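One chain comes next, on its own, written out as structure tokens in the form predicted alone.
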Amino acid sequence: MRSLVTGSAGFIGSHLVERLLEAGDEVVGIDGLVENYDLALKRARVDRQRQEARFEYVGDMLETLDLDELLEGVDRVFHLAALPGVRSSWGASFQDYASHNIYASQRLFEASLQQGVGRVVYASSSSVYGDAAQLPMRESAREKPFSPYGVTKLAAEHLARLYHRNYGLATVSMRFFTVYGPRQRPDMAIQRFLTAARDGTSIRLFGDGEQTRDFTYVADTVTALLRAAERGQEGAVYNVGGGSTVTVNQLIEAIEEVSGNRLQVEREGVQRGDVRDTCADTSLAETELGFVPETSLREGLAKHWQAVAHESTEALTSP
């Protein structure tokens, strides 16, 4: 098949590209290399991907690309490109979030419709739920984003539904719950905590540490994306969780265990937009996609630690 992946140089996108190439797909990767973290990491991933004959890289923004031309002959689209980050989505930066996360998505859905793409899988976020009144979070629950970032991810979800209901575009949206693993963004908690454990530096912990998160290993997330492309119900939304809901304090203890090092914790106040708890009900994905996460938190942290413990910039961006 011919697959197009947006955000192909990113954390999850780079893992997805590798899995698609292993499966024999031709892959078009689009990544505008937004400077939300060190571009050397993204460029190294692109350099490695371009060594594969069946990979074509397009280094530009979805907001300005000629998407009709790029989508000719494409069987399925995996839309992972977005500007991430809850805490950084406030204030003047919201204009960038609206452009990258909403406008870019609308252009991609429109072009996919015009070019007759068979399936568009959109990477959404558990941030659309906000501070949910009931746990675990179910797809049928009312969405109440608690950050501007969550608002933009939900808006793109609504666009995906609209293109399906009005025009029959086969869209599927996947709500990711705190994905971690090798190549995780440097600003994400597990990457920061593991790096601190390696280097003997301190970490900042926002809040009391009793907030909970449902952590999902990146390989399981990629499996869910592929299942959605193969058998997801058109117009549907699915939670993608790892079944590993723990407090941040428990996460710190687990990281100390896998690394063998104590973490120095500097505690700070709760940040704007951070929800108290997340926990995914993945029964719909299990029933309709056959998706069951295979990687326990302990196993995933050990794999992530192994990558961080031996990393240089080159090692971090290699599979």
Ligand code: NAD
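In this text, residue numbers run from 1 along the sequence as written. Note that this is a predicted model, so its numbers are computed, not measured.
There is another form of this protein, the form predicted together with nicotinamide-adenine-dinucleotide, and it is not shown here; the text below is about that form.
A single residue from the set S244, S125, S112, S89 has any heavy atom within 4.5 angstroms of nicotinamide-adenine-dinucleotide in the predicted bound form; that residue is S125. A heavy atom within 4.5 Å of nicotinamide-adenine-dinucleotide in the predicted bound form is found for one listed residue only; from C279, A44, A254, V34, this is V34.
Proximity of M61 to nicotinamide-adenine-dinucleotide in the predicted bound form: non-hydrogen atoms within 4.5 Å are present. Using a 4.5 Å cutoff between non-hydrogen atoms, T223 does not count as a contact of nicotinamide-adenine-dinucleotide in the predicted bound form.
In the predicted bound form, nicotinamide-adenine-dinucleotide sits beyond 4.5 Å of every heavy atom of H164. Looking at T178, you'd find a heavy atom of it within 4.5 angstroms of nicotinamide-adenine-dinucleotide in the predicted bound form. Of the candidate stretches 156-164, 227-235, 182-190, 68-76, only 182-190 has residues with heavy atoms within 4.5 Å of nicotinamide-adenine-dinucleotide in the predicted bound form. In the predicted bound form, H100, A104 are the residues of 90-105 with at least one heavy atom within 4.5 Å of nicotinamide-adenine-dinucleotide, listed from first to last.
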